[in-house]
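A lone chain, given as structure tokens: the form predicted on its own.
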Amino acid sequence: MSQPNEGQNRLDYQETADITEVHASILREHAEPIADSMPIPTWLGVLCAGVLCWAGVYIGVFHGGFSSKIYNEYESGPAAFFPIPGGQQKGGGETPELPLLAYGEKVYGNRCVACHQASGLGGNGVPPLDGSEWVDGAEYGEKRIVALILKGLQGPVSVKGATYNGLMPNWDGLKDREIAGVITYIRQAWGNKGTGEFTEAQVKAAKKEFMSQAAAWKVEQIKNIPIDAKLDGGSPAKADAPKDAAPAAGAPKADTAKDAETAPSAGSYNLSASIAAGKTVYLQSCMACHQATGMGVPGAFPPLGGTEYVNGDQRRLVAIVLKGIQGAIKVNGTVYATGMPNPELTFPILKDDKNVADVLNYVRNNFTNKNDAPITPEFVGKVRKEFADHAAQWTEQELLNFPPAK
């Protein structure tokens, strides 16, 4: 009987059974792929198509007009896909417009901070804005400052006793509200004592007046602009109400005794400096829960923008920061369950009355809030002393029925 590996047309390599089995396993392997004949897997094709669709939508939404001057992705108006943080949307889908001061801070962060720094102190050949006589001092004029921003500045300039010889680019391409906002912000930020808002109408008037100025200004040209020169469209002065004027029908009567007890007097208090200092305190102690936008975390930490607790009774607001909140609390119609631990135990910097005043002034003038009446360190100290014996955190019921000042 012939063997399996023998035959008329076979060569006898004297293979053993083991070697034959090895060859058989090789024969069972799949054939090598052949070019242009094997399609890619279906799942990989679907994945690639999804990535391409996402990229197309992203570029379409955030293209910024493909302008080299656009650094803020929200300039493309993507609110339909990605709501802009910083405020709750209205029923029509529109986002509430930020107050000009807060808007100017955002513009500064997008456009100016790279050179002048977040502190406004400049550096590396860039002049400071904090305490600059061109922003808030002997060389300041409303025409001068908007002219500088619109057309830029070349050549040497003296700022706070130091000479700077760089080139400030022109920002003529900024929107009127952006320029008005950033001027409003830098004149009130840091240690500057500027007041009021710079208007879009003033910017429009300046653009028209300085239209023929093609090159960046030299300091001599800027000084030829009179300091007291005005621009059309400035904020109208608020007329004082007649002393004997009767309150409007239906208006609540003022409780002067209570107001004197609860509202601190502004006096010479520098609210702008307090707000600027308060931002640092906020980032260190409040941002983790309430977020950089002040919008909080849904269901856990309430928002700070447009709430009665922030914009209402100052005395109650100070007391909340001093003692915290236990249990759930309803804010703007939504219940938040987490509560608020005693802040000064969690963040020792809030044991300082000044830090408490600064962070509350910051919160009360950001996130769509605007409150001109400052909270002073003296007022915080008074509230701290008043509730020194209140060891527990506040409950919602206690806050809703907050005790009147003694």
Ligand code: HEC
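This structure is a prediction, so every number in the text was calculated from the model and none was measured. For every residue, the number given is its place in the sequence shown, counted from 1.
Another form exists, predicted together with this ligand; not displayed. Remarks below refer to it.
Note that among 269-277, 195-203, 224-232, 283-291, the stretch whose heavy atoms approach this ligand to within 4.5 Å in the predicted complex is 283-291. The closest non-hydrogen atom of residue 340 lies within 4.5 Å of this ligand in the predicted complex. The shortest heavy atom separation between residue 323 and this ligand in the predicted complex exceeds 4.5 Å. Although the partner is absent from this view, residue 129 contacts this ligand in the predicted complex, with a non-hydrogen atom inside 4.5 angstroms. Taking the partner from elsewhere, residue 166 is found to have a heavy atom lying within 4.5 Å of this ligand in the predicted complex. Between this ligand and the residues 211, 215, 300, 162, the one pair within 4.5 Å by heavy atoms in the predicted complex involves 300. The contact with this ligand in the predicted complex, taken as any heavy atom within 4.5 Å, belongs to 111 out of 143, 177, 207, 111. Contacts between stretch 344-368 and this ligand, counted in the predicted complex as any heavy atom lying within 4.5 Å, involve 347, 350, 359, 360, 363, listed in sequence order.
Cα of residue 304 to Cα of residue 192: at least 3 Å longer in the predicted complex than in the shown structure.
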